[in-house]
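Single chain ahead, by itself, as structure tokens, in the form predicted on its own.
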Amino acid sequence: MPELPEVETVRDGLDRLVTGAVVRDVEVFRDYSVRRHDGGPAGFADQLRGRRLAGAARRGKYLWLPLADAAPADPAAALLAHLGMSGQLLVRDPAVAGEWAHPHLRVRLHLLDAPSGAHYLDFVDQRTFGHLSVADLVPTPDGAPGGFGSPLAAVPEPVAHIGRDLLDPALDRDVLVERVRRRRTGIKRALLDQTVTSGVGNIYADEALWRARVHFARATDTMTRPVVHRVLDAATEVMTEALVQGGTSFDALYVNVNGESGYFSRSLAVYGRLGEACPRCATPVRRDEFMNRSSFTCPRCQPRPRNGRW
């Protein structure tokens, strides 16, 4: 599933290429892709036609584009997207889109006046876990911007319960540290809990814990503040590095808005490297089952805790 760096790569592309564009028309080719929209496909299209895309923002793995009307007022709604496991938002020009009959094209927005000259914003989703909707914007409780890339102190209502992510300038890291330490769980479960902090998934959790030399089952309520800070700093560092390289691509399903893959998978230290030498100590990397997925660790750098929470 795309994690924060992958989603931020898409957000940045949308912000540069479609901010200011007006939605001329909407085509929904698969109703399930707008299942979270209360008005169904017709209502979804009606709420987008004639609206201007006023930027692109993100909180964790959620993306949204505020929708502006002709009147000079702050947007009250946004086009909300979650990419699921295979969703792609692709900016297309007429020459490419006219010849491009992708079998997994689910929704197409026809655009006018996009700064890039693009005429289409396509939502492509092979596995159909992703979704689009138009959602009301609600004020943030602290009066801070609702998400990364947003100047508005508002967030789409379905995203309001999601924790701020580690790249969000409005995040209070000391408060986050205390929130982690109050939980009675393993540190990796805490990192993956999107209500605690959003955007961290299985790949970057493993990489961050390896950098911090902490085992994934280390009990959060036994961790000192400096150790929790070290884990969060490592997660921030690894996601920032991944962002520079456009994210991690293991197959053709994750691409940016231009259809290009990321290359951070070449820099992974432990994730997916069962039996390979740890880059730090040369011990073979270990794999453990974890929440119907996998956790990869170095047995020497990340010793198993005596009283871990599994």
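Sequential numbering from 1, following the sequence displayed. Quick caveat, the model's predicted, so the values are computed rather than measured.
Not on display, but discussed next: the form predicted in complex with the DNA.
When you look in the model of the complex, the only residue of N202, T140, S116, T236 with a non-hydrogen atom within 4.5 Å of the DNA is N202. Contact with the DNA in the model of the complex, defined as a heavy atom within 4.5 Å, holds for exactly one of R183, R213, H229, H102, namely R183.
Using a 4.5 angstroms threshold between heavy atoms, R189 counts as touching the DNA in the model of the complex. At a distance threshold of 4.5 angstroms between non-hydrogen atoms, R127 is in contact with the DNA in the model of the complex.
In the model of the complex, the DNA stays beyond 4.5 Å of every heavy atom belonging to T19. Proximity of T240 to the DNA in the model of the complex: non-hydrogen atoms within 4.5 Å are absent; the residue sits far from the partner. Here the chain stands by itself, but in the model of the complex one stretch of 165-173, 79-87, 107-115, 146-154, 79-87, has heavy atoms within 4.5 Å of the DNA. With contact defined as any non-hydrogen atom lying within 4.5 angstroms of the DNA in the model of the complex, the contacting residues in 282-309 are R287, N292, R293, S294, given in sequence order.
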